[in-house]
Structure formats: C-alpha cells, structure tokens
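Below, in structure tokens: the form predicted alone, a single chain.
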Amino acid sequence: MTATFKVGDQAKLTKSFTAEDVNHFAALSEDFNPIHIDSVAAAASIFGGQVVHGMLVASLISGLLGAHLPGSGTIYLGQDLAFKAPIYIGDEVTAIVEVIEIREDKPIAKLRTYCLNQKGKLVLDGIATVKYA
C-alpha cells in the first residue's frame, strides 16, 4: 500500500478549553483531581490555577490523526507523550502532527505529535505510531 502522504506533511488544529469542557472530561474519565475542577484548590497548587487534563489536550492528536493526517481509517498503534507545561482553562492550544517515518513494508507510519500554547510554548510532545488505510 502506498501512502497518500509523505514525510514532512503536517496537520494542525487549534482549540481553547472551557471550564465546562474540563468538567465534562472529568466526569467521563473519572479524574476529579482538584487542580482541574476546583478553582480554590488549583489556585493553591504549584500551577496557581485550574489546568486542563493533559489527556484532554492529547485527545486533539487523536482527532487530527483520524480525521486529517493520515485520515479516515487510521488506527492508533501507540503513543508516547511528555507533558511539558500546563494548559490553563481558556488557553489556546494548537495540536500538530507531522509525518516523520513511513514504513515501506507495511501501512505503518510514525508522526511527531505536539501541542503549543498561544505563546508558542511547547506544552506536550510525543510520537504516535499508526496504521493507515
């Protein structure tokens, strides 16, 4: 199978998360850590305010992989992630995926996956391995 994309291709998505988004994610994931859902506790934490769940931010990557690059039919095989800095409620996050490797023997690709905040600061970094359709 020949890929319809090449090394260096990118896709990106920008989003801001609201307190309501964070509360919905907390309910879905059962992650009720006060740094996410309690403004008073979060203000007293090392972050100084409410932060978005790292996995909620990382879910933007899944959306990019499945809908944009490689696109429909993509299956996640693995994801390495490092959370580099907090995302605060209301921050603008840009998720980016970039093709870094395409196997010649199988329809498998590796993509660098990362997110930047509105100041251009790296907040999440990783590598995804996917099977593409």
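Predicted model only: the values in this text are computed from it and were never measured. Each residue number is its position in the shown sequence, starting from 1.
Beyond the structure shown, there is the form predicted together with another copy of the chain, which is absent from this document and is the topic of what follows.
A.B. asks: Is there a heavy atom of Asp105 lying 4.5 Å or less from a heavy atom of another copy of the chain in the predicted complex?
C.D. replies: Asp105 lies outside the contact set for another copy of the chain.
A.B. asks: With heavy atoms only and a cut-off of 4.5 Å, decide whether Leu81 touches another copy of the chain in the predicted complex.
C.D. replies: Yes, Leu81 sits close enough to another copy of the chain in the predicted complex that at least one of its heavy atoms falls within 4.5 Å.
A.B. asks: Any of the heavy atoms of Phe17 lying within 4.5 Å of another copy of the chain in the predicted complex?
C.D. replies: Yes, Phe17 lies within 4.5 Å of another copy of the chain in the predicted complex.
A.B. asks: Verify the contact flag for Gly63: yes if a non-hydrogen atom of it lies within 4.5 Å of a non-hydrogen atom of another copy of the chain in the predicted complex, no if not.
C.D. replies: Flag for Gly63 set to yes.
A.B. asks: In the predicted complex, does each of Ser29, Asn33 and Tyr76 have a heavy atom within 4.5 Å of another copy of the chain?
C.D. replies: Every residue of the candidate spot has a heavy atom within 4.5 Å of another copy of the chain in the predicted complex.
A.B. asks: Across 8-26, which residues bring a heavy atom to within 4.5 Å of another copy of the chain in the predicted complex?
C.D. replies: Contacting residues: Leu13, Lys15, Phe17, Asp21, His24, Phe25.
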